[in-house]
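Presented as structure tokens, the chain that follows is alone, the form predicted on its own.
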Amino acid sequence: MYTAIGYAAQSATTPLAPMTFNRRSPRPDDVAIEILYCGVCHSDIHQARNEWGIAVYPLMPGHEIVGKVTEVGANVSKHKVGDLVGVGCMVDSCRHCEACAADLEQYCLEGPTLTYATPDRIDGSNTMGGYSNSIVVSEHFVVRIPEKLNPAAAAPILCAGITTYSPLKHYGVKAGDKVGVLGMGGLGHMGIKFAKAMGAEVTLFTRSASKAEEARRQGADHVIVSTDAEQMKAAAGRFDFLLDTIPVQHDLNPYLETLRFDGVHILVGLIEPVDPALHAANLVMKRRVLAGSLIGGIAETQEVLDFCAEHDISCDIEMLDIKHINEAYSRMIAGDVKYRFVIDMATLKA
């Protein structure tokens, strides 16, 4: 074991604060990483405040990690000391079930080991995330950061990026398709960029007309103000796909009506009960599909990083001194960030 430092919550009601703890010594298949940057995801807030009821304390968030390899285990072959690498939302899985065999570790039938607040599969210790100066992870769950990418801006691709790329790829978005993106936060702005790079005609659905200019800067071809009944009516039956990044309960029915027959509405932001109720006729009468998607597997996470390098895509970020993490949480809740905070871990040394 060796000593590490980071910021953690000691309970659901306490702010994040500095903490010293132990990281394991690398196992034969492990990679030890000095963390350079870590993105801040809204799920970090949910977990730190136990809003999902599954938190384990002390809880150290952070699952958008970029850093340099400092040590490798005897059996490691894919990474070497000095490599620039990333770690996303998972650090292990059973590796033998049907999902894992299909490179879909996020759907591991035994449940994936998450980057923080999950028991380690070998020693049972509580995983601690990337708001830290270091991490030790099995090499299978470590990805390569392409040289072309800005390391700091690459960090959110490991969650916000893969979360939006994976469903677009899975459902076969292609050139000429009409894709609507619901919401333009950390997920939505990446969804716009990916759909555009895939050749789709992209429309942002937003409650705020003031976001039109920014949406077009991100690559959107059109903007529909979802609170404008006439605009929504004019969009009826128009879209092949909807990528729904809205993280709170909202009425799906008006959006479903904008899909053509066989259209697909993909949820990536909502993990609460649908409210108000879904009108089944909006599915049945047009053979529409309501689907969900969770991050992506490790192979696909490497794929999205390479796709971003090829298409010059990065996340829009604001750099953060870790001592301001609690203020950053308040700003995120207020929607006051475009579009992802990334912690500069050099500030942890101070």
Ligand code: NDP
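When you see a residue number, it is the position in the sequence shown, counting from 1. Model, not experiment: these values are computed from the prediction.
Missing here is the form predicted in complex with the named molecule; even so, the following discussion is about that form.
Note on the partner interface in the predicted complex: the residue among 90, 154, 184, 168 having a heavy atom within 4.5 angstroms of the named molecule is 184. Residue in contact with the named molecule in the predicted complex (any heavy atom within 4.5 Å), chosen from 55, 294, 309, 36: 294. The stretch from 96 to 104, 141 to 149, 261 to 269, 67 to 75 that comes within 4.5 Å of the named molecule in the predicted complex, counting heavy atoms only, is 261 to 269. Contact annotation for the candidate site: 242, 279 and 282 all lie away from the named molecule in the predicted complex (no heavy atom within 4.5 Å). By the criterion of a heavy atom within 4.5 Å, residue 246 is counted among the residues contacting the named molecule in the predicted complex.
Contact annotation for residue 46: at least one heavy atom lies within 4.5 Å of the named molecule in the predicted complex. Although the partner is absent here, residue 288 lies well away from the named molecule in the predicted complex, with no heavy atom inside 4.5 Å.
For the chain shown alone, residue 320 is not a contact residue for the named molecule in the predicted complex, no non-hydrogen atom being within 4.5 angstroms. Residues 159, 163 of 153 to 178 are found to place at least one heavy atom within 4.5 Å of the named molecule in the predicted complex.
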